[in-house]
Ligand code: SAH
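In the block that follows, a single chain appears as C-alpha cells, in the form predicted alone.
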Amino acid sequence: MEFSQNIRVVLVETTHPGNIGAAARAMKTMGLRRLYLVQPKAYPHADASARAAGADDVLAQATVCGSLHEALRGALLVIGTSARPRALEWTRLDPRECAARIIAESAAGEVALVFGRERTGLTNAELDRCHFVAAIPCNPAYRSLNLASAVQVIGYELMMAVREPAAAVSERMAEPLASADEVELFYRHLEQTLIALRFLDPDNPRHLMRRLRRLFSRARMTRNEVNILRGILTAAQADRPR
C-alpha cells in the first residue's frame, strides 16, 4: 500500500486560494495526495491553480467539506497543528513524533492532519476534535510560518519516517479504534448525561468537558470501549430519579 493512501491533509477555512495551491504543491512533492478543504473562502480559483505549479491533480481530487466534522468522518487518528500556546494545553508532538505516529497508525486506518486559518489557526473547539497537537519549532521572536511551509515540513517528516522508520509507536491495535465521529457522539452523550446528573452546569461549564476530552483522547479508545462507556451513560440516565 502506498504510504499516503490513508492520510488526508485538512485545511480549515483557508483565506487565500493561492495558499491552497501552494499547499497542494507541497503535498505532491512529499507524496501526499488527499486534500480536504473545509469552507475555503475562494475555491476553485485561478490563484490556486497557478500556485499549484504542476500539482493540479491534487487540486482536482480535493474534497470540499461544509464542516470539520464532515472532513474528519471515519478518521481513527486526528492531529491538529498549532503554534500558539493555549491556557489548557493539548498533548503536543514535534513534527518527527507526529510523522512516526501517523505512519504507524495509517497502516490500520484513516488519519487526518489538520491545519488552521492563516492568521488565527485552529480554534480551541476545533482542537477539541484532535487526539494530539503538532507544533513546528520556530524562532520564538518570529513565529510566522506560511501554511504551505507547515504542510511541507510535516510532509518531509512523513517521507523520512517511511524511509527510515523510527521505533514503533506503542498502541493497542488488537481491536479497531473508534473513529473521530464515533468519539464525538460519545462526547455529546457524556455531556448530556453530566448535565442530567447535575454534575455539569451548562451555564457555567468552565473547562470540564475540555479536560474530559483530553483524558479520553490520551486513552485512544477502541470502538468496543466507546460502546461500553455509552452503555454506562445510558444506564446512569435510566437509573436517575425522575
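When you see a residue number, it is the position in the sequence shown, counting from 1. If you're wondering where the values come from, they're calculated on a predicted model, not measured in any experiment.
Below, we turn to the form predicted in complex with this ligand, even though it does not appear here.
Contact check for residue 117: a heavy atom falls within 4.5 Å of this ligand in the predicted bound form. Contact annotation: residue 163 falls outside 4.5 Å of this ligand in the predicted bound form, judged by heavy atom distances. In the predicted bound form, this ligand sits beyond 4.5 Å of every heavy atom of residue 73. With a 4.5 Å cutoff on heavy atoms, residue 91 does not count as touching this ligand in the predicted bound form; it lies far away.
Only one of the listed residues (134, 112, 99, 130) places a non-hydrogen atom within 4.5 angstroms of this ligand in the predicted bound form, and that residue is 134. Residues 176, 183 and 229 are none of them found to lie within 4.5 Å of this ligand in the predicted bound form, as judged by heavy atom distances. Of all the residues from 60-85, those having a non-hydrogen atom no more than 4.5 Å from this ligand in the predicted bound form are 81, 82, 83, 84.
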